[in-house]
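Here's a solo chain for you in structure tokens, the form predicted alone.
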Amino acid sequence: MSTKQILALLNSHIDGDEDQLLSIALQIAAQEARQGRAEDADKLKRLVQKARDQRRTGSPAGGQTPIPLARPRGELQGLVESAYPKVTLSSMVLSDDLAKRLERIVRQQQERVTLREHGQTPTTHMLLVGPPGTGKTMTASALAGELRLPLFTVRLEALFSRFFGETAGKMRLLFDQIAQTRGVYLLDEFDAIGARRGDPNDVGEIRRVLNSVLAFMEEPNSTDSLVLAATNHVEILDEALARRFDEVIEYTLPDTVSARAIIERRLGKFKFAAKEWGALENALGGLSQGELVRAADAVVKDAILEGASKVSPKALRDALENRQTLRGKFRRQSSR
């Protein structure tokens, strides 16, 4: 432990800033783990978790209170967006299998101290793959909501375009924040850095960044954060990188039953009689969760402005068919 860290700990104690004190303790734990002192790192992390659990004792809503919303500082400002989602897994329409997997991850995070006492570590690195609009970003929000943690969304494309030539250094700053500030981190458009090494279009900067990510993934579990990488193009990811994730979760377009459930939930009090759904089934196929939500929102807005108590099945069918038309146009353009 450096003199600067000791001074920071003392200042945090004097100022009564327990959140900063615990964050510095986690930073020290991360350093200990990187230097091969895993046992000392685990002891520090258990003490930090014990301190946080004691602060939650007697608090409402299941014994947990949210930590203050942390915001990226310094060179990460503008590249990392912070939020405090209130959405939970129950807000999503999920298959039984996917719901169980995500619930298991939440439980591992909530009981991570118990796992570490038995020589195990919770899931901390997840790869989310699937077409746009299928629920990857919402999953990150729901996990943050379930764990009552801030959600940090990292725009990797912006990282490259803004700091080309310095990207590896900025990634190191990001990894340090992940170790120091517990939260759910969403690395969006992950294929921007996770492309296969040796690709003809690859450049040295991307290779350096990829190697730094590989090194980060190989470090001992030195963070209490949950790191989610999302991509629409899993086929171009480097295999060595994909293998390092604790969980790989695939998202697909909803089937007819799921599509109807998504729309009904979105319609709320404006939904119509069940017998009307038969004429809509053909318009549901091939649309993502995001497209279904936008179609439902469009007709709900119209119903509100018209003073109607429910939406028109014809209006909903028209909105869905409009989304189908737009999807077809974009597909034709992308294939040119």
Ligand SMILES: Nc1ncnc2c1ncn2[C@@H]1O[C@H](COP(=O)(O)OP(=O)(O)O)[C@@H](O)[C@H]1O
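Not measured: the values here are computed from a predicted model. When you see a residue number, it is the position in the sequence shown, counting from 1.
A second form of this protein, the form predicted together with this ligand, is not displayed here; the remarks below concern that form.
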query	finding
Interface membership of P131, this ligand in the predicted complex, 4.5 Å heavy atom rule	yes
L44, heavy atom within 4.5 angstroms of this ligand in the predicted complex	no
Contact label in the predicted complex: L94 to this ligand, heavy atom within 4.5 Å	yes
T137 within 4.5 Å of this ligand in the predicted complex, heavy atoms	yes
Partner-contacting position among L280, V293, L267, A303 - heavy atom within 4.5 Å of this ligand in the predicted complex	V293
Listed residue (L187, L149, L174, I262) with a non-hydrogen atom within 4.5 angstroms of this ligand in the predicted complex	I262
Answer range among 304-312, 22-30, 282-290, 269-277 for contact with this ligand, defined in the predicted complex as heavy atoms within 4.5 Å	282-290
